[in-house]
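Shown here is one chain on its own, the form predicted alone, set out as structure tokens.
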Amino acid sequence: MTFFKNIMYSFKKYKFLLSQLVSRDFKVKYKRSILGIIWSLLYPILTMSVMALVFTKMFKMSTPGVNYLVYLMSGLVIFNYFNEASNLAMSSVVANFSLINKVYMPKYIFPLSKCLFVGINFLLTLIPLYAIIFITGTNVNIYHLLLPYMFFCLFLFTLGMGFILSAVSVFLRDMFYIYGVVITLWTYMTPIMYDISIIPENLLFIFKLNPIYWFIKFARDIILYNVIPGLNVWIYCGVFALGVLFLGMFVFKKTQDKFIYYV
């Protein structure tokens, strides 16, 4: 809890630095890009289009009772946020060693800035998501006001993973390659492009151990099925978010003082 209080204190103290790091990421990402930030809107649409073409035409994928494009897009924007934010957070400390050596600043500000930076892009991707929802005639109801709970849980979970990955990668640079394999497996273990109902009953529990499954289910219950997620879904989202966040803070706190020896 002391580490958490220190984070909140440093967040206020270093909020200007944090904003500058996020701003720098935006400038670097869209430097010399003609379309610039518009890519945040186009990328998920183009990705969805390719995946929809492949899985509907070649593999004949469908989701009975709901629009497949909305099903695909709702899972895609959530997983893409986790994928991009966790990858950037993983390299954030190593990439800023030169800055860490010159001036004092709380080290956890680097993975935090990456999660916030990608979080802003994530909010932008909600625009094409809702465009697809309206175009396909999918019903929009008041339950959509509950979605910020899922977004917040997703952010906390991703931040916790970012703390863990950024700390481990300082000591084990192979983590950059290992995580690439892990995230690929994670993608296929998450019901983004397929309906989880096709999974055999005896293997279903393995897929439900995946935290991202519960975040996506929360969103799809509201967006596609027009129902309030069950109490178990709320609990799983909260438990995974807080559990991984506190684990990440613990790992980061225990290792951060040794980072300087592995430059």
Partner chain sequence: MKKEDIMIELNDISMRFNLGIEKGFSLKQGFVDMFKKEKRKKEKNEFWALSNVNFKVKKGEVVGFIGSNGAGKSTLLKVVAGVMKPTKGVVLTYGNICPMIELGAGFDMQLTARENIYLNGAVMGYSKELIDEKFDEIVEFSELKDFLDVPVQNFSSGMVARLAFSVATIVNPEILIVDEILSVGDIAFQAKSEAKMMEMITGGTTVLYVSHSLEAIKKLCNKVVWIEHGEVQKIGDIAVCDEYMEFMSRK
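Numbering follows the first chain given and starts at 1. Everything numeric in this text was worked out from a predicted model, so none of it was measured.
The form predicted in complex with the partner chain is left out here; the points below concern that form.
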Quiz item: Going by a heavy atom distance of 4.5 Å, is residue 126 a contact of the partner chain in the model of the complex?
Solution: no
Exercise. Give a yes or no for residue 165: in the model of the complex, does one of its heavy atoms lie within 4.5 Å of a heavy atom belonging to the partner chain?
Key: no
Practice problem: Considering only heavy atoms, tell me if residue 146 and the partner chain come within 4.5 Å of each other in the model of the complex. | Solution: no
Practice problem: Answer for residue 101 alone: is it within 4.5 Å of the partner chain in the model of the complex, judged on heavy atom distances? | Solution: yes
Quiz item: Which residue, 78, 118, 170, 192, has a heavy atom that falls within 4.5 Å of the partner chain in the model of the complex?
Solution: 170
Self-check item: Stretch in contact, per heavy atom within 4.5 angstroms of the partner chain in the model of the complex, of 103-111, 183-191, 79-87, 146-154
Solution: 103-111
Practice problem: Enumerate the residues of 243-262 that have a non-hydrogen atom within 4.5 Å of the partner chain in the model of the complex, in sequence order, or give none. | Solution: 257, 258, 260, 261, 262
